[in-house]
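What follows is a single chain, given as structure tokens, in the form predicted on its own.
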Amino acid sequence: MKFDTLIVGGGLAGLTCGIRLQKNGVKCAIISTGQSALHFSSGSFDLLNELADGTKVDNPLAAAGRVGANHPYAKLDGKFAYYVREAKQLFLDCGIEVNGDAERNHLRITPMGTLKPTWLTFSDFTQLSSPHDIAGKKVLVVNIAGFLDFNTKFVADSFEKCGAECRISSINLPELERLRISPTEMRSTNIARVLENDKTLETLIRELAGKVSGFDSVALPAVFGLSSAAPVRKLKEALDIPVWLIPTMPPSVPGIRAQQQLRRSFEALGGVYMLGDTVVKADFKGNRVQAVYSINHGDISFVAENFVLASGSYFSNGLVARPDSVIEPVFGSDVDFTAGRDSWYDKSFFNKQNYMTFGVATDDKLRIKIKGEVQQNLFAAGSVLSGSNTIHEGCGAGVSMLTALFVADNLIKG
């Protein structure tokens, strides 16, 4: 099988790159092992919340010039602001409604009810400017009876620390009895499928309407709108007070919906998306990749003019840690990491972990290096790149999207 560009990895970086390329007439295929990190999304996309030295960031656009020389943002050819705008527009073009501004981080509500800074937030969720937006409000925190991935007590306690007055309640719908038989079935995605039935959603809305009198807002788990945002809009329009949808523990209903919308957009543009396959090796000639091979296709090769590695970090096996090294398993890319395993991590779980900055080594065009040699047609995008601590710095989504757009533009320009 032959394509103009073959992308390894079907998450946020891979789909962003693929959509950009397809829009510009570049025939692409994406090979994706399985679940995207979007399935675990908290409903927001971080751009830059903190610098490596711990300095808090309120304005990512102003702070981006202060990242380290090896940070992926430092390799965007001075076009950070441009790619920030393009990334948000890509979401909107794909029908993914997001709110936010790169000149000022807003606050999102986490699954625990705490407030964290972020760049973009799904329109499903509540965007706050400060904890004062919660202070003094009477909030009804409601769960679906039997749903364990939304802790109303944690959410209410966090809101009350911000000065809110909270009451906890639950709703029991007969339509969910089948799921409630087994805790493993009572998951956010399964609940969302049940609530896509108009009559079931209307029953829930009636139940809520009888509870919200006297409250300023109602907080609910984000279990609405798996295939479209229509149930979310219907819910919010039907109630007389603001509805705060709170992210649940994974899987994320809005995150899955966003991933599906990105995939549909890619395929509608003519892209080929192969789910459930894993690229395992590559053929090289000089400093160029000739073909790659996957588990499902055996000896049948995938040939392309260019290849993009967007396989993610440790979570998705884009990087693999060994006792004394960190490797990239598909192409054998050079990986930037420090010698001595003890330097990789801090024994305190919540402290900055150095291994998160490890990743594939590239040149200033994000072309991958192997044994110190730049590969002319092999690029990297997203969290597989070295130089950023996406958790500590709060830049994971930004790194994924901005580097993917940058790589795509380099390929389009040739």
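Note that residue numbering follows the sequence shown and begins at 1. What you see is a predicted model, and the numbers here were worked out from it, not measured in a lab.
The discussion below concerns the form predicted in complex with a small molecule, not included here.
Q: Would you mind picking the one in 196, 277, 149, 336 that has a heavy atom within 4.5 Å of the small molecule in the model of the complex?
A: Only one listed residue qualifies here, and that residue is 277.
Q: If we take heavy atoms and a 4.5 Å cut-off, which stretch out of 342-350, 357-365, 38-46, 52-60 is in contact with the small molecule in the model of the complex?
A: Contact criterion met by 38-46 only.
Q: Report yes if any heavy atom of residue 388 sits within 4.5 Å of a heavy atom of the small molecule in the model of the complex; otherwise report no.
A: Judged by the heavy-atom cut-off of 4.5 Å, residue 388 is well away from the small molecule in the model of the complex.
Q: Residue-level contact is defined here as any heavy atom of the residue lying within 4.5 Å of the small molecule in the model of the complex; does residue 315 satisfy this criterion?
A: Within the cut-off, so yes.
Q: Heavy atom to heavy atom, is residue 28 within 4.5 Å of the small molecule in the model of the complex?
A: No, no contact at 4.5 Å.
Q: Given that the small molecule is not shown alongside this chain, does residue 19 nevertheless sit within 4.5 Å of it in the model of the complex, heavy atom to heavy atom?
A: Flag for residue 19 set to no.
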